[in-house]
Ligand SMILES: Nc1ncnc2c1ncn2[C@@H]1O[C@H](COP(=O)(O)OP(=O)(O)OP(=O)(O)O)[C@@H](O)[C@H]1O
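What follows is one chain in structure tokens, specifically the form predicted on its own.
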Amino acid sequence: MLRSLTIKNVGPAPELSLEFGKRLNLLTGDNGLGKSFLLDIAWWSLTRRWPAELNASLASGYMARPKPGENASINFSFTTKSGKVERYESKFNRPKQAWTGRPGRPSNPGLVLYAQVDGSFAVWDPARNYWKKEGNIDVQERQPAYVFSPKEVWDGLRGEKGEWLCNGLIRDWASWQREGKNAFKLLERIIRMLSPSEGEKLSIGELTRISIEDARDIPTLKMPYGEETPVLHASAGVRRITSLAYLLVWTWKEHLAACKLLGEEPASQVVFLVDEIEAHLHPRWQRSVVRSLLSVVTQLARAAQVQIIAATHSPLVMASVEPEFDIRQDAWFDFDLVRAQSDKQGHIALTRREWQRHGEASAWLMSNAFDMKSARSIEAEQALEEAAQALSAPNFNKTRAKAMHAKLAGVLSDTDPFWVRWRYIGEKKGWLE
């Protein structure tokens, strides 16, 4: 499990430092402040390879590089397979253009999964992926990791020699379903667990063909409205959830098979990194996705400790975890762009926020997580600011009040709470007679 992470002179800030919770970690903040970058660093810290380094077709996950003219370092600590806390420091070697560290094989961090926002997926399996060292440069003895582009998740992943490392969702799912294997029963259960709500459970339909030219048997899903839809024709949200379900089953299934061959025990630790956990999901789905994923991974690896590190832009996600959040084992980190008078460009600050329940998603929008002034439209927010100033302006007259009233009527709902205040003062001053 990842315990701590400190990066200096690499990425969007001179220094970022975190002490992770051992179960659930949530990352919030505006676009471009470093949430996805931090997940890339977390993946590298546990696996020592960058996703795009292992799969050139990825559009993200490239090697982190230091700021010009600065010495950069990545320091982290994690819990090893034996339960020991290990600390590691890596510095950037400019002549070799590589991150270096102490000689010797790094300790086993357990099973590491990384779901990127574009549908890419990466797996590091301690039973199938090995390290060795040449001096202080990491070199791989076997397949360094399994890194899928979005297309390869569905169609399969090949190795450097053209061998099939993974058959992909379409072929594996169809094979599991035809043969009635335990993997299919597990997939079926997980898809139901990841469904948006009790009233909208997804279930698996019959295999089908989608064209004369395509000889593949295509899996289908029974949608809540009764139809069976080929997964290739499903919505972006359904595709994301079904691909996550498949990859979790495939990863755990292959891990158990490798452990059996090697005579080893399954991983006792699972770290799951998820970028924009709510991507493509309807608000109803956003309210359940964190709880569902935590439950799914925990049930897959029943004897393992599970840690999730997830970035989100969704106030509904933050509201949804309130009943689950445990300050003894969970953490919330917030990125902010801070501007001071002496700092015209601003700087990025990363804060471990004290957990507070806000109840509604609109309240979360106006919290430190999202820093919004209100949950209304920009036009409504501007009109309310003008109206609030007007209420205390000594020279505000009836003509201007009527114009302001019409402006408010054009942007506020009939039940907006501001109307009570506006009408009370307006009638008291004789503006709205």
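From 1 onward, residues are counted along the sequence shown. Just so it is clear, the structure is predicted and the values come from calculations on it, not from any experiment.
One more form of this protein, predicted in complex with the named molecule, exists but is not displayed; see below.
- At a distance of at most 4.5 angstroms from the named molecule in the predicted bound form, all three residues Ser36, Tyr62 and Glu276 contribute at least one non-hydrogen atom.
- Interface residue among Glu53, Asp30, Glu381, Asp371, judged by heavy atoms within 4.5 Å of the named molecule in the predicted bound form: Asp30.
- A heavy atom within 4.5 Å of the named molecule in the predicted bound form is found for exactly one of Lys181, His313, Lys253, Arg171: His313.
- Note on the interface: of 360 to 368, 393 to 401, 373 to 381, 63 to 71, the segment with non-hydrogen atoms within 4.5 angstroms of the named molecule in the predicted bound form is 63 to 71.
- Remark: Gly21 does not count among the residues lining the named molecule in the predicted bound form, judged by a heavy atom distance of 4.5 Å or less.
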